[in-house]
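For reference, the chain that follows is the form predicted on its own, supplied as structure tokens.
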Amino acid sequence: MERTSASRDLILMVVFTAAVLSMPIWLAPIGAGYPDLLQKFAIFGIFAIGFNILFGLTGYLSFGHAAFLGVGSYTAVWTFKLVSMNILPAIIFSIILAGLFALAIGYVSLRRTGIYFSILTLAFAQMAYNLAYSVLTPITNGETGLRVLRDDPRILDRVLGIEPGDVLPTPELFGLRTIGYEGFYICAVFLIIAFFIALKITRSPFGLALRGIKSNQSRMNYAGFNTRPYTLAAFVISGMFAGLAGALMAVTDPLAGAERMQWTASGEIVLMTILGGAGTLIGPILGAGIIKYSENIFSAFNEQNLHQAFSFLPDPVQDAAVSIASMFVGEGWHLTLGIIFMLIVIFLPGGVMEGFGRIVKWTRKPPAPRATQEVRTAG
């Protein structure tokens, strides 16, 4: 059994790696093969994988995970300013600080469960947002945002003899740029690593304990199993994944702002996880891709595009069609997303992965025995 499970996991990793690395090819026909959008797929995929460890495996719904995303971004930009433009120190420091921040918030929030836990995480995230937006402006630069400047110290770079040029320095990885397809493949490698770690956690005794907590935490406590270290560990690991995602946001665009810590960003990752399938390995990544793709496609439409799309209609009908359709695209694209989410929740409570599971079961359904078919025909 263990050998079968190990071989399946190996096949899953190989298929997942191949799918991620070939995304520019198979996403090109649907208009999603360009680097900026691919980077978003990878970054929010990492964010969703980490959130799924807390929500999907452990059953704790956090409304404050955007705080760790923001901490990761701010830490990465400060590392670029003070240490080096090489992305490795920025990513390491971002993961560590996001983990410590998650440890502090989780230690307090996990004293409660259910909706009380969710409200506590939301409160902490809003406190972090307001601190970053106004109180801690010397550190975060307030509403303007924190960005890299040409005259920043960058101590490690100067020690290594790397002097700033005439242009604004950009993040790099040993000479590799973090923009374009090079930037996507850097994010893709971290996505693959994050997926591998999540896979190992899910298959480990630690992951089994997390699923037991989600199933019936009270029964585990009554049996003498101390669940608090496990829930705190899941919260910290999830926060570290969010810190990595925040660091990669700063890597691809060296700017950190308080808007990344808003409650709407926390709500978005909840939607991604539920839409794809909470508790599954692939589902949250699919959910992140669906939402980011929908945002990119539907928000790009304007009235001119709609008039072109409905140009075959008579003018009065065309104007009416454009008026109706404009409510669902452009700035109103969230209405389309809400409809998609509503349909998924109503008809596929387990998310997109449940739909795939139903299709697989339907295709593998064995045909009825010949005798049974003859009886039915005779009847």
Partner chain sequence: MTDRKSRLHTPLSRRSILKGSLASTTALGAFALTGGGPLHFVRNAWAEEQPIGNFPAKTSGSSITLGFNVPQTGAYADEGADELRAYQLAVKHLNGEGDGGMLNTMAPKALKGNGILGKKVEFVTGDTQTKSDAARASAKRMIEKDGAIMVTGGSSSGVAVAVQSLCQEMGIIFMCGLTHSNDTTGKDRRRYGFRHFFDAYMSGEALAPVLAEQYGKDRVAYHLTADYTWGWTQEESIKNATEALGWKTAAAVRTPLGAGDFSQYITPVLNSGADVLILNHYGKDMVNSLTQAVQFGLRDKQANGKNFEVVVPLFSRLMAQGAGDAIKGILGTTNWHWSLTDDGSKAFVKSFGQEYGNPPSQAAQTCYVQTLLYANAVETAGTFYPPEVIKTLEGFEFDGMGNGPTLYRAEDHQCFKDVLVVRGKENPSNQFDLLEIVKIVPRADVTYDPNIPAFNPDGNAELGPYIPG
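From a predicted model like this one, the values you see are computed outputs, not experimental measurements. Positions refer to the first chain, counted from 1. Here the rigid core means the biggest group of C-alpha atoms that line up within 1.5 Å when the two forms are laid on top of each other.
A second form of this protein, the form predicted together with the partner chain, is not displayed here; the remarks below concern that form.
When the partner chain is considered in the model of the complex, only one residue from 122, 255, 128, 281 comes within 4.5 Å through any heavy atom, namely 255.
Taking a 4.5 Å heavy atom cutoff to the partner chain in the model of the complex, the contact residue among 87, 210, 240, 249 is 249.
The shortest heavy atom separation between residue 315 and the partner chain in the model of the complex exceeds 4.5 Å. Shown alone here, residue 163 lies farther than 4.5 Å from the partner chain in the model of the complex, counting heavy atoms only. Mapping the unseen interface onto this chain, residue 150 counts among the residues with a heavy atom inside 4.5 Å of the partner chain in the model of the complex. Taking the partner from the other structure, the partner chain in the model of the complex has a heavy atom within 4.5 Å of a heavy atom of residue 34. Every member of the trio 137, 143 and 296 reaches the partner chain in the model of the complex with some non-hydrogen atom inside 4.5 Å. The stretch among 282-290, 298-306, 111-119, 89-97 whose residues place heavy atoms within 4.5 Å of the partner chain in the model of the complex is 298-306.
In sequence order, 39, 40 are the residues of 38-54 having a heavy atom within 4.5 Å of the partner chain in the model of the complex; the partner itself is omitted from this view. The rigid-core alignment places the CA of residue 336 less than 2 Å apart between the shown form and the other one. Annotation for residue 327: C-alpha shift of 2 angstroms or more between the shown form and the other one, rigid core superposed.
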